[in-house]
Every structure is written in C-alpha cells, then in structure tokens.
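Listed next as structure tokens is one chain, alone, in the form predicted alone.
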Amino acid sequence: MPSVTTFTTSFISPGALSSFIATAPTMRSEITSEQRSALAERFRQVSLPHHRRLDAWMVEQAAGQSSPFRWSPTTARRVLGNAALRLRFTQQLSPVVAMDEVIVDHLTRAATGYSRRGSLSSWLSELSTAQLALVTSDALNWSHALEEIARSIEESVEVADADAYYDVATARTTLRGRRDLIVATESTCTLIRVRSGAPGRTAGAGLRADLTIDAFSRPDGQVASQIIGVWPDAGLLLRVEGSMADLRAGARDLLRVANLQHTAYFQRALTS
C-alpha cells in the first residue's frame, strides 16, 4: 500500500519558519539513474506530438483547461522581485535601486536584441511609462514580502538563482519546479516557496511536485530535506518532507497530468 504524505501546517509566527527548518530531516534520499530512466519511459508512453512543460500549478489544477500564459503585473512580480532581492543580498543595494537595476537590465536586453519574442524583457519594453510603474510597484511589494520572510529565518538564506528545470529524455517534456529561497545547513537543505492568497486542498500536492522536480534537476540527484510553502496573506506555513515516498507520489502526480493531456489531445484529434 503506498505511503501517504504527511503535511505539517502551522500559523506564521516569530520563529515558526526557523523551527520548521531546525527540525528538517537529516537523512536525505537520492535519485538514481534507474529511477530517471523509469520516469522517462513512463513519460514517453504518454508523449505528445509537440513539446510540453509541466509544473506544480498544473498538478494543483489537475491539468484543467486554462488560458495561455501571458505576462501581467501579477505574473511578472515574482521574477522581478526575486531578482531584485538577490541583488539586495549580494550588492547591498536599496530596494528601489535594486529593482531599477533589474528593470533596466531587461529593457537593455530588449533594446539590443538579446530577448526573444514573448519574453519578460520583450513584454516590459512594450509597456507605457505608467504601466511599467505599476509593474515595478507590484514587484517591489513582492520583493519586500520575500525579504521579510528571509530575514525572519535564523539560518543563512539564499535567494534561488532560478527555478528548477528537468528535461525528460526523449519525451518532449520539461518539468519546471518553483523555488524562491534555499536554506542549506551542514546536514539539511530546505526549499521555500512563497505563495499568494490561501492554500487550497491541493496545495500540498503542488509543493510535493516542486520538491520532486528539484530533485530530478540536480545532477547528483540529492533530494531536499523538505519544502515549505509560505502564504503570507493567510498567515500559514505548509511543510512536505523529502522522503522517497513523497518523491514517488510527486512523480505520479506529474505523470497523471501528462496522461490527462495525452488522452485529451487524442480525443480532440478523433473528433476533429
């Protein structure tokens, strides 16, 4: 009988996040080459004619129909806010100066032709001054919230350089795992994801998917000790430990999304 994931919840309070980090499991699992091959084989069985990208949000939505991705102040704020906070931590800049540096870098890439069509840089370059100010304000608020969370942690905190990406071999599938903060000690590694609003009933499965993708994306296959979701608006924390049982469950969730997409695609093909 498969193991059931244990989700640990807590209200945000002084020291709550540090307490979760201090009690992270010290025994860490590891992805093997055999497990990578098995995952690729399963994805190949439900591949599509075109390339696809799967992530935790799709797991939470059970691959439900959604509008095509488009940039907006809401979708851009995390990318911009995280980048600005990285600059704050590495170069000791003020919040506004750091955000200006990030925005100017994107606009420069667009102006010099180093950004592809549809990218964040390209989208920012097409905004009016007023629209750009709105995007900047939203990103500053996100960066401030992330900084407050980071500074509440007693251990050393790193702002993740990028999300985790794993290309499943010959399956036309890329897995994307989101991660905002990383707390690494001598014996543990904690991933932290910051979320808006309040956690839904599938939020734990989404965190588990992020944890799984992060593990597969690492060349050494090391599984993080845990992943913690933080919902500042709701004042809640949710933890998923990095056990092999949770990794298997996370992989099953991602495969279920792929299978639903595969079935829907060929049903449409048969009726068109």
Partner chain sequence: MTSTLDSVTVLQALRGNRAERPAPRTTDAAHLRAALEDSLYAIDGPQHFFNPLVLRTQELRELPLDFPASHYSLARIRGILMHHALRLLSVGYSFTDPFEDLLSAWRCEVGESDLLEFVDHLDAEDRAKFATEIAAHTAALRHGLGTFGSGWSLRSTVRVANLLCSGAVALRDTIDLSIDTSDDGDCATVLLDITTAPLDENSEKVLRFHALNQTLRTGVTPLRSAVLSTATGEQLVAEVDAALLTQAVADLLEAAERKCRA
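Numbering follows the first chain given and starts at 1. Treat the numbers as computed from the prediction; the structure is a model and nothing was measured.
What comes next is about the form predicted together with its partner chain, which is not displayed.
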Check your understanding: Using 4.5 Å between non-hydrogen atoms, is residue 155 touching its partner chain in the predicted bound form?
Key -> no
Check your understanding: Any of the heavy atoms of residue 138 lying within 4.5 Å of its partner chain in the predicted bound form?
Key -> yes
Check your understanding: Does residue 233 reach its partner chain in the predicted bound form, with heavy atoms at most 4.5 Å apart?
Key -> yes
Point to revise | Heavy atom of residue 123 within 4.5 Å of its partner chain in the predicted bound form | key: yes
Practice item. Quick one: find which of 225 to 233, 205 to 213, 238 to 246, 28 to 36 has residues within 4.5 Å of its partner chain in the predicted bound form by heavy atom distance. Key: 225 to 233
Review point. Should the three residues 128, 133 and 201 be counted as contacting its partner chain in the predicted bound form, with contact defined as a heavy atom within 4.5 Å for each?
Key: yes
Check your understanding: Heavy atom within 4.5 Å of its partner chain in the predicted bound form: which of 144, 86, 176, 172?
Key -> 144
Study note, to complete from the structure: Assert contact residue (its partner chain, in the predicted bound form, non-hydrogen atom within 4.5 Å, options 187, 90, 112, 72) equals 72
